[in-house]
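Taking the form predicted on its own, here's one chain by itself in structure tokens.
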Amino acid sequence: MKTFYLPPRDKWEKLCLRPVLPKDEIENTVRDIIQKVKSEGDKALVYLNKIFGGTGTDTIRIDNAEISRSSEAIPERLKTAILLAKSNIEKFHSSQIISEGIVETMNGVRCWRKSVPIEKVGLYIPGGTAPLFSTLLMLAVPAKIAGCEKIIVCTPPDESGTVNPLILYTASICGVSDVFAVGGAQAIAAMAFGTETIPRVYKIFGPGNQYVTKAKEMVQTEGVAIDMPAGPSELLVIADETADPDFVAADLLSQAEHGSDSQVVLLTTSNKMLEMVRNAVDRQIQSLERKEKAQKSLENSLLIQFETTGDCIEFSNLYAPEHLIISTADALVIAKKVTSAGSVFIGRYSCESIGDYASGTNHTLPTNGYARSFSGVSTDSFMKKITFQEVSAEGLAGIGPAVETMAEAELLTGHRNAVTIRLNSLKND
């Protein structure tokens, strides 16, 4: 990990930059993939599955029988854990359904807002190097709570063309039967524009690598909504001398193991803590199954010592991490100063893994600094907000003259006339 001691403020912006592949390389590759899927449909998906995933099958849709059988491959202990997580996610996301009342802004002018589910949504579930069935929980559960009519899932198959039974089992318990064995940028293109097998959706959700993220950004320019820019995973930890260095090291590695393009950051005021965490990381990484990926991630990760915790939180808000752990003596006080983060974990026992799986909050979060302007996925993400207004004769008489005056000032006489003709009718009546 790269180490910095008391970096001056004029260097902070540069330290906040994430490791990325060359943009031209990504854009050109993704553009070609999208165009191929647009023009060739399923044929392109089968070809790209073979090229990028080594999949030797022409099957795209997973049949319902295979989804049903997936339960047989899952140990009961794991099923129990998944159901516990699903229950907590349902509780948290159900609480986000709020009924809004009618507001009378003035006599005779009533306004209200209604939440309407997005009819067709597509969920992208990474599964190439690790089957992220937890992400399916995080997306399918709020989609069902919101009331989306059509929910489809795209996820990378293995070399035999099959989808991990954990993903299929999770789809089953979430009531999702449309699962397609397609991964990468081609899956995003398929959901955005549709193929012979995969239906077009109105909004696409789910994290992925930089190619998936770029594909989401590109299809958005063609009228398909996305949840947010959600690329490679990242974690920032603020720790003081009261933190447990083994806990902190384990948290850093929990995100580093996601992939070589992930990034983790430690901010501390204690040089001793920094060194203890570094040593703990070196020791713990040896036991990871995904050791090589974690090591590559750590090459682009940071250990930074600041003079004060105030500097730590200021830097953190500038960095705007996907996940933020605060492991300090005054964690709750510092948490109140957070202005930019996807999800915050307060105190030494609040490890990020809890939120990734089972606390109830959503783990589909903005990355690469987008937490400065984006929120994580919620039940609202699967809904549209439609406003209504109802104006009575009394209301028109009261509000109409103001609208006439404003429309005239903007030289929009048609707008003014739509009000004037009604006001005149009231006078005639």
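Since this is a predicted model, take the numbers as computed values, not measurements. Heads up, when I say rigid core I mean the largest set of C-alphas that superpose within 1.5 Å between the two forms. A residue's number is simply how far along the shown sequence it sits, counting from 1.
Absent from the display: the form predicted in complex with a further copy of the same chain. The rest refers to it.
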**Report entry** Proximity to a further copy of the same chain in the model of the complex (heavy atom, within 4.5 Å), stretch among 265-273, 342-350, 176-184, 140-148
**Finding:** 342-350
Query - Distance check, A130 to a further copy of the same chain in the model of the complex, heavy atom within 4.5 Å - result: yes
Report task. Classify S378 as contacting or not contacting a further copy of the same chain in the model of the complex by the rule of any non-hydrogen atom within 4.5 angstroms, answering yes or no. Result -> yes
Query raised in the report: For E66, is any heavy atom within 4.5 Å of a further copy of the same chain in the model of the complex, or not?
Result: no
Query raised in the report: Quick one: is K2 in contact with a further copy of the same chain in the model of the complex, heavy atoms, 4.5 Å cut-off?
Result: no
Report task. Report yes if all three of A44, S71 and T213 come within 4.5 Å of a further copy of the same chain in the model of the complex by some heavy atom, otherwise no. Result -> no
Report task. Counting non-hydrogen atoms within 4.5 angstroms of a further copy of the same chain in the model of the complex, say which of T57, Q35, T29, Q389 makes the cut. Result -> Q389
**Report entry** Residues within stretch 270-295 having a non-hydrogen atom within 4.5 Å of a further copy of the same chain in the model of the complex
**Finding:** Q284, S287, L288, E289, R290
Query raised in the report: On a core-based superposition, does Q35 travel 2 Å or more at its Cα between this form and the one not shown?
Result: yes
Query raised in the report: Quick one: core overlaid, is E217 moving 2 Å or more at the Cα between this form and the one not shown?
Result: yes
